[in-house]
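Two forms, one chain: they're shown below as structure tokens, one block per form, named structure 1 and structure 2.
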Structure 1
């Protein structure tokens, strides 16, 4: 692990084998939080090549199960937002797509930095569970047309640990780390298509348009290497979306929207 930290500090690329070994250590707990944090900071400053980012994403996918849809009719799609203040679009979007006949097995995230998380908003509903087992998520998607879930011990467990440490170490705004985190969860869903909502402006954690565009390109290029059909849009986050900010308030607003 010391060698991998030193390599990234020097701006050197890691091999696919090194990255797989790193993710394995993250997943099984054999690498300490402090060492992972140092590696994350080195990546944040020095970046990663497209090949490294793809290898990291693939290793994170392989750290757990992937959803299987063999024999299940229908088109499965998902959408991911990079997040912003008041961004609650996923909440009404999933049931709207389901009502149109699509299937949305949405693995969502929690708050990063000052941006809200879909799971945190949903858990403002008393008794709402986001820790669905994968089989339960698949069954609910088949039955209702969609489901909200979280990265679990089964699905992208490496991302679960890295996600927490990125937030704690202020390494959220690293384009390779964002790319691997998003796509490891989305590719593991086994979806047929993915829409990426990449936000810029004062309410996003990547405020600059150039940074947001670079992230969009990283996501598209990596998704293509993974064989995942995707499209990215740059959207404005210079002001809150909707009329409310705060988990419970945004849930109430979402319900009002769905009721028309």
Structure 2
């Protein structure tokens, strides 16, 4: 692990095998927090090549389970938004896509910084369960055309540990680390296509257009190498989206939209 930290500190690229071994150690707990944190900080400063980002994403996918859809007819799709104030598009989009015959096994996230989380919004509905086991998520997607679930312990578990340490060490804002984190969970859903809504503007996580564009390019280039069809849109997040802000209000707005 010391050699891998040294290599990243010096701006060198790691091999696929090194990255796989690193992620294995993150997942099985054999690498300690301090060393992972140092590695994350080195990556945050020095970056990663597209090959390294792809290897990191693949290893993170392989750290857990991948949803299997063999023999299930239909096309599975999903979207990811980098988020912003009032961004609630997933809520009306999933049922709309399901109504058009698509299937959306959506693993959603929680609030991050000032940006809201789809799971937190859904929990404004009394009794709504977001803790579906992966098999229940698959069953519901087959039956209804979609489901909102959370990343469980068996889906990209390496991301869970890395994300916690990124949060604790101020290394969240790294394009390769964001890319691997987002794509590992989306690719593990086993979807055929992915739409990436990359926000830019004062209310976005990455405010600058150049940063947002670089993230969008990193996401689609890495997705392509994973064999996952994707398209990215840079969309404006310089003002709140829609008419409401706040978990329960955004659910009410979604229901109004779905009722036409």
Ligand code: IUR
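The term rigid core refers to the most C-alpha atoms you can superpose between the two forms while keeping them within 1.5 Å. All figures in this text were calculated on a predicted structure; none of them were measured in a lab. Positions refer to the first chain, counted from 1.
Asker: These are two forms of one chain. I'd like to know which is the form predicted alone.
Answerer: It is the first structure (the form predicted alone) rather than the second.
Asker: Is residue 66 displaced by at least 2 Å at its C-alpha between structures 1 and 2 when the rigid core is overlaid?
Answerer: No: residue 66 shifts by under 2 Å between structures 1 and 2.
Asker: My question is whether residue 35 is one of the residues whose C-alpha shifts by 2 Å or more between structures 1 and 2, given a fit on the rigid core.
Answerer: Residue 35: C-alpha displaced by 2 Å or more between structures 1 and 2.
Asker: Taking the rigid core as the reference frame, tell me whether residue 168 has a CA displacement of 2 angstroms or more between structures 1 and 2.
Answerer: Result for residue 168: yes, a 2 Å-plus shift.
Asker: Once the core is aligned, what is the C-alpha displacement of residue 8 between structures 1 and 2? Give it in Å to one decimal.
Answerer: Here the C-alpha difference is 4.0 Å.
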